[in-house]
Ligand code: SAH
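Quick heads-up: it's one chain on its own, the form predicted on its own, in C-alpha cells.
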C-alpha cells in the first residue's frame, strides 16, 4: 500500500500505521478503506515496518501461495516485537517505542485465526473480514494503559459489514475509487474457499452504493470501479409498499451509476459466466463511460471439469458469450484459468488450451490448482502431479504471452 504522510523519525505518539496486503482487488480495497479509518483518527501511513506502531497484515486464503507469504511475514514480525521496549506506559510517558500492535486480518483470520492466535503469541489482534471497521477501536483497547497485562483480541465471527467501513475518502490511487457492491459468495464452486471465509453473498443497498459514488465524485474522483466476487450476482430486492417489491439487478445498478454527473470512467470486476447477460454487453456498448473490457473467468475448457468445479455453465455457453461480447462491444476480454484440477486428464487440458486459443484473451491469470481446506474439491484425490501442473501452466502462459504480443501491443 502506498504511503500517506510518511515520515522517518519516531514521534512517540503511537500513530504510525503499516498495512501489507495479500490477494485480490477486494483485499486492496479493504486495506484502503481501513487505512482511511485510521487516517481519520490522526494516524499517518509509513512504508517502514520497523517504525510502525500498528502493523496490519490483510490476508487471502484463495490460494496457498498467498497464505504462505502472509504467515512467513507474520512470523518475521516476532523479531520486531522482541527488539522494541515492551513497557506498557502512556503515550506521554513514552521515550522509546513500545512493542507495536500486530494484527492479522481478513480471510486467513476467519479461516485459521484461532490456530494462529495460539501459535503466534506476538500477534495481538485477529480480525475476520466482517469486522474490519472495528479495528481502530480494538487497537485503542489493546493500547489502553489501564490493562496491567497487554490485552489480545480475536474477532472472527461472520456477520454483515458496517457501512462505516466505506465512509473514509482516502484513496491509494488519486482519482480512482473502488466501490464494493457486495461481499461473500453463494455459488459454492467446489475449489473456492470464499464462501467459507467471507460468508454468503451479501449486497449493499443501491442507495448506499450510489451515495458512496457521489461522495467520491464530490471529492474530485472521476474514475470508478465496482467490485464484487461476482458483480452480476447483484440482485437487490426491496419492499416498496405492502407486498410490492422492487428489484435492482447489476445491469440496473450500472445504468444508475452511469447517469451520475462527474463519473467519467466506469469499470467492474469480476463476472461469472453463468449469469452474464447480453443486456450487460449492450449497456457497455452504448455507454461512453464504461470501459470496454470484461474480466470473465472460464477456469476450464472441459465440460467434465466445469461440472466437477460446480461452475454452472458449459464450454459452449462461454464461447457463445465471448463471441456476443466482442460482436456487441468490440471490447477485450480477460480471464482466470486453473490447471491441474482433480481428475483433469490431458484431453481436458487440451480443451482448455483450445478455448484460450479461440477466444484470444487480452490477459489471463493462470493458476496451478491447490486444495483449499473445507472445500468440496479438497476431498477429491489431488491426482495431477506437481510436475504436470507446472508443465500445463507453462504451456498456457507461453501461449497467452504470444497472443498478447500479437494482438495487444504496439
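These numbers come from a predicted model, not from an experiment. Residue numbers count along the first chain shown, from 1.
Just so it is clear, the following notes concern the form predicted in complex with S-adenosyl-L-homocysteine, a form of the same protein that is not shown.
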query: Residue contact check: residue 45 to S-adenosyl-L-homocysteine in the predicted bound form, 4.5 Å heavy atom; finding: no
query: Distance check, residue 38 to S-adenosyl-L-homocysteine in the predicted bound form, heavy atom within 4.5 Å; finding: no
query: is_contact(residue 338, S-adenosyl-L-homocysteine) in the predicted bound form, heavy atom dist at most 4.5 Å; finding: yes
query: Residue 191 within 4.5 Å of S-adenosyl-L-homocysteine in the predicted bound form, heavy atoms; finding: yes
query: Partner-proximal stretch of 113-121, 296-304, 277-285, 74-82 relative to S-adenosyl-L-homocysteine in the predicted bound form, 4.5 angstroms, heavy atom; finding: 296-304
query: Contact residue in the predicted bound form, chosen from 229, 267, 216, 232 - any heavy atom within 4.5 Å of S-adenosyl-L-homocysteine; finding: 229
query: Heavy atom within 4.5 Å of S-adenosyl-L-homocysteine in the predicted bound form - residue from 65, 376, 357, 368; finding: 368
